[in-house]
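Here you get one chain, nothing else, as structure tokens; it is the form predicted alone.
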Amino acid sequence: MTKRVFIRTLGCQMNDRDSEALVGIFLDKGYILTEDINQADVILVNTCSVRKHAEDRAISFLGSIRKVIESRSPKNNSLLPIVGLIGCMARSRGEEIFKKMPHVNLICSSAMLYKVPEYAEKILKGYKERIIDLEDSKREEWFYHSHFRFDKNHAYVVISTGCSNYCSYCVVPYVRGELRLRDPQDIIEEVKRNISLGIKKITLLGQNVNDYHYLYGDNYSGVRIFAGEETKNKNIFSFIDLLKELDKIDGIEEIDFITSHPKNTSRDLFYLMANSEKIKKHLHLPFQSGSDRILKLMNRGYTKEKYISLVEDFKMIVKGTLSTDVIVGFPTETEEDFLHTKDILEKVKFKYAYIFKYSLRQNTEAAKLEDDVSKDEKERRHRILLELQKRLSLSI
């Protein structure tokens, strides 16, 4: 009898790609992807922990699955589906969920997603114990090898997982681990697989793509395989090197990437973007706050002046569009701090902006600060920026 897998993805593009790759492995094992949760043998919830709202949605959805369990015959356990919590929340709240939700019988961290089909098969074959795997390690490359794609016209390609920047408000290093880079040759081969499927538009994914500096061993230099210009350290293959190589591949029509961090976004990147016919003339460049004091508390590594200067360079060299992320209500944020943030939105005129109210994330440095901006004040500042950005977007 053919088994069916259902997956609900919450969160960012990285989660979308993780779910896609995971579904591909299940399909290669003979499963059918279903949109009917009541017919599923395996139910997976791929979660995000970046904001409290995302976790709340995941917990609510996991709770609703109880009705699916109750609708199955209690007399025949083989009819009961596997319910898996996977992704970021596995690391942040997996053990808590295991205790509170006994119908969840599989929990697996982002780093170990490639093991989910193996664990599911084990349970389906009669293994009675619930399985929890919160290990943090480098992901196996074959995880990305499936030809399955949700979108037949566009593909996400992961170039790195995790992050080592430790912005004080961000939980990513704790739930996805330290920065780990994929081998550039593996990335290039995945892009070529997409082209073979007729997909000509790709988006490269990384928590900060500019952190991509792949270091080869002493006896191996990237310049011997790749045709790009030699760097000062010939054993380092940078994000710019990667873009140059992808730009040469026949069949690609558009290359995009997210996300760039202002602290190590360079004019060299802008010149490459300007001179390439394939690289999209758009940059997602989160500034988070316009206040230097708050930026320091956030551990962002740049000032308002540096950010504005970077934007001016981009507009002059690339002549493209910009988008950003903003947080309002960070601990100790005053009205003056907020007005500096508002000032950046007004000056830069982003094509679009993702504007969030600060929410405390456990284990982060910011969690040690008093969350002293009231809910009402966060909502007021949030509303002001949303209305401002709406007007600005319409004017672009």
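Start at 1 and count along the sequence shown; that's the residue number. Since the structure is predicted, the reported quantities are computational estimates derived from the model, not experimental observations.
From this point on, the text means the form predicted together with ligand SAH, which you will not see here.
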Problem set entry | Contact of residue 32 with ligand SAH in the predicted complex (heavy atom, 4.5 Å) | no
Exercise. Does ligand SAH get within 4.5 angstroms of any non-hydrogen atom of residue 246 in the predicted complex?
Worked result: no
Problem set entry | residue 140, heavy atom within 4.5 angstroms of ligand SAH in the predicted complex | no
Exercise. Within a 4.5 Å heavy atom cut-off, is residue 292 in contact with ligand SAH in the predicted complex?
Worked result: no
Seminar exercise, completed: As a check of understanding, the residue in 326, 273, 111, 297 with any heavy atom within 4.5 Å of ligand SAH in the predicted complex should be identified as 326
Exercise. Though ligand SAH is not shown, can you say which of 169, 239, 257, 307 has a heavy atom within 4.5 Å of it in the predicted complex?
Worked result: 169
Seminar exercise, completed: Within 4.5 Å of ligand SAH in the predicted complex, heavy atom basis, the matching stretch of 43 to 51, 343 to 351, 56 to 64, 23 to 31 is 43 to 51
Exercise. Can you name the residues of 142 to 167 that have a heavy atom within 4.5 Å of ligand SAH in the predicted complex?
Worked result: none
